[in-house]
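Okay, so here's just one chain, in structure tokens, the form predicted on its own.
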Amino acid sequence: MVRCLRLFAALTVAVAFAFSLAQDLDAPQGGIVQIPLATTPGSLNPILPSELASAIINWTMFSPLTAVNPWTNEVEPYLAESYDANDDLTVWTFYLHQGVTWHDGEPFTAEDVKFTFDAIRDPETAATTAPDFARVTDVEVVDDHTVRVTLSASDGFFADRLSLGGNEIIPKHVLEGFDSLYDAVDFISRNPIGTGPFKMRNAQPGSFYELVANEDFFRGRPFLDGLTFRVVPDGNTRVTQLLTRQLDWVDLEAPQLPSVRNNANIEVTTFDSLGYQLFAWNLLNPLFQDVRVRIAMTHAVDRRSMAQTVSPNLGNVDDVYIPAGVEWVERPDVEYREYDPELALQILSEVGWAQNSDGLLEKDGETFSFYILVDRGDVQREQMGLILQQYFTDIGMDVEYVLAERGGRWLDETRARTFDTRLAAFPLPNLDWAQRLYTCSGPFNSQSYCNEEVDRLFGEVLSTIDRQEQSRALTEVGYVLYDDPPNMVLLWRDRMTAHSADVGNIPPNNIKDSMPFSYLLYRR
């Protein structure tokens, strides 16, 4: 399934929302679905810095202006009923749904959108998505249900970007009285107020969160009576709890498939994630700043063999950073970096690294020492980290394997950019994510990658909605990233979820990206 950039037929024509035919719109009402979170959500205010657990639960309680439909993978209006842009893509106008209310019954208006966007732009908020608003010069309330956003330069992806999380609208009437959004402690931790399909009933941080259906949800009452999110850090425990019906829907890793494959009470959904597992260098670390070192380390790993070990017949390995499934972008004609440890050592010797009498790589009296930071609970990455450690050790590197809680050290070092190397997954729900990941100021560029040519080319991509021009620039981005790799692609992965067989309307998508449409889930 292709996730593609939205192409307007005519930007002066508003875009109408349409349901996917894949959705059962005549479903029974009632019941609760239980979903795991790997960590306690860091914030129940969606625009504050957060992590995966926050994104999952917040998307059920707060509404974005636009959302990616998890059945079609197309961007659609959501809290906005429609939107348009001027010819040079510098003025975007959003026409909001009328009759929308917050969970406390207060009316939603354009003032809430302005309040949210201004808060994201405020440096004191430290919003993860602040770079997405770097070109915004003005947010104007035209009337109660119309908002106009003016940009300093063309941005063909502005509406798309609002769909990717962290830009959900928050209530002005609840939060404007605080000097800082961080002062709204009760809102952040236990009692958020949104416009989404579910609202908080009982929050027990570290344990569970009980949500109930929003009877007044503007897209119609959810089919379910509620959702329960349970904090379950370990991936294998999540599968065990699915088998014992303590959970109803889990993201699944390949090593876990045999335990659920032949269970009549569980269904497995497989889909192209258009995202990849990666090994990221911290490019603030002098060890990895020479591109030859990064290329040598890539040759030191048999990625194809590793992929078959951790994800047999699910996904592929490549050295290109744009998904092959995005067919309208021409693939760069580059050669895959094969496993060749002798070539790796030869390249490293050119940089000055040589094996000492103990077999360790050494340069100027210092050994090549670093650690790999792995987030506990992702079974596939836990395996990959150990395999990578062995490959790098085999060529004389001194490598420590550090397994850390995702909501603890792993996330802390990712945000602070203090890790040596780390394992992670990068999604590409649309190609604006590549801009978020690889431009110098990209909000998710935790590896501190910066290449002026990449920034220039992404500027060309954003300045047009012409698909051919975007494709040309993105292909050039691919060549630059190949020559100057920001990280090592370990696996373009097919993904799986497993769910109780009596739960319907499960999208062919991961849990997080499905949550804006959680109101369509039902129990048979």
Partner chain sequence: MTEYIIKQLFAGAAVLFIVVSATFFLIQAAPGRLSILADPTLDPTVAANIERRLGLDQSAAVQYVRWMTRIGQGDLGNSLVFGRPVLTMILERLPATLLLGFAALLITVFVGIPSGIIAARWPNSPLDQGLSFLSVIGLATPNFWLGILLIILFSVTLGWLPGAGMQTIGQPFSVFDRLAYLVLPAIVLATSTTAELMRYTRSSWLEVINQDFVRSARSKGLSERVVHGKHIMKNALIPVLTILGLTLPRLVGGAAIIESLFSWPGIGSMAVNAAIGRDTTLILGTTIFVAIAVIVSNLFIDLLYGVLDPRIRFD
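Residue numbers count along the first chain shown, from 1. Keep in mind it's a predicted model, so treat the numbers as computed, not measured. Here the rigid core means the biggest group of C-alpha atoms that line up within 1.5 Å when the two forms are laid on top of each other.
One more form of this protein, predicted in complex with the partner chain, exists but is not displayed; see below.
S.K.: Is it the case in the predicted bound form that A127, A130 and W410 each bring at least one heavy atom within 4.5 Å of the partner chain?
M.R.: Every residue of the spot touches the partner chain in the predicted bound form.
S.K.: Counting non-hydrogen atoms within 4.5 angstroms of the partner chain in the predicted bound form, say which of S82, T146, T237, N285 makes the cut.
M.R.: None of the others qualify; the residue that does is T237.
S.K.: Only one of T244, S441, S369, N86 comes within 4.5 Å of the partner chain in the predicted bound form by heavy atoms, so just point that one out.
M.R.: Spelling it out, the residue with a heavy atom inside the cut-off is T244.
S.K.: Go through 191 to 199, 228 to 236, 355 to 363, 313 to 321 and give me the stretch that gets within 4.5 Å of the partner chain in the predicted bound form, heavy atoms only.
M.R.: The contacting stretch here is 228 to 236.
S.K.: Do R415 and the partner chain come within 4.5 Å of each other in the predicted bound form, heavy atoms counted?
M.R.: So R415 counts as contacting the partner chain.
S.K.: Whether S207 contacts the partner chain in the predicted bound form should be assessed with a 4.5 Å heavy atom distance threshold; does it?
M.R.: Close contact exists here: in the predicted bound form, S207 approaches the partner chain to within 4.5 Å, heavy atoms only.
S.K.: Would you classify W433 as touching the partner chain in the predicted bound form, given a 4.5 Å non-hydrogen atom cut-off?
M.R.: Flag for W433 set to yes.
S.K.: Taking any heavy atom pair closer than or equal to 4.5 Å as contact, tell me whether P41 reaches the partner chain in the predicted bound form.
M.R.: P41: contacts the partner chain in the predicted bound form.
S.K.: Would you mind checking 277 to 302 for residues with a heavy atom within 4.5 Å of the partner chain in the predicted bound form?
M.R.: The stretch does not touch the partner at all.
S.K.: T109: after superposing the rigid core, is there a C-alpha shift of 2 Å or more between the shown form and the other one?
M.R.: Not so; T109 is displaced by less than 2 Å.
S.K.: Answer yes if the CA of F187 moves 2 Å or more between the shown form and the other one after aligning the rigid core, and no otherwise.
M.R.: Moves: no, less than 2 Å.
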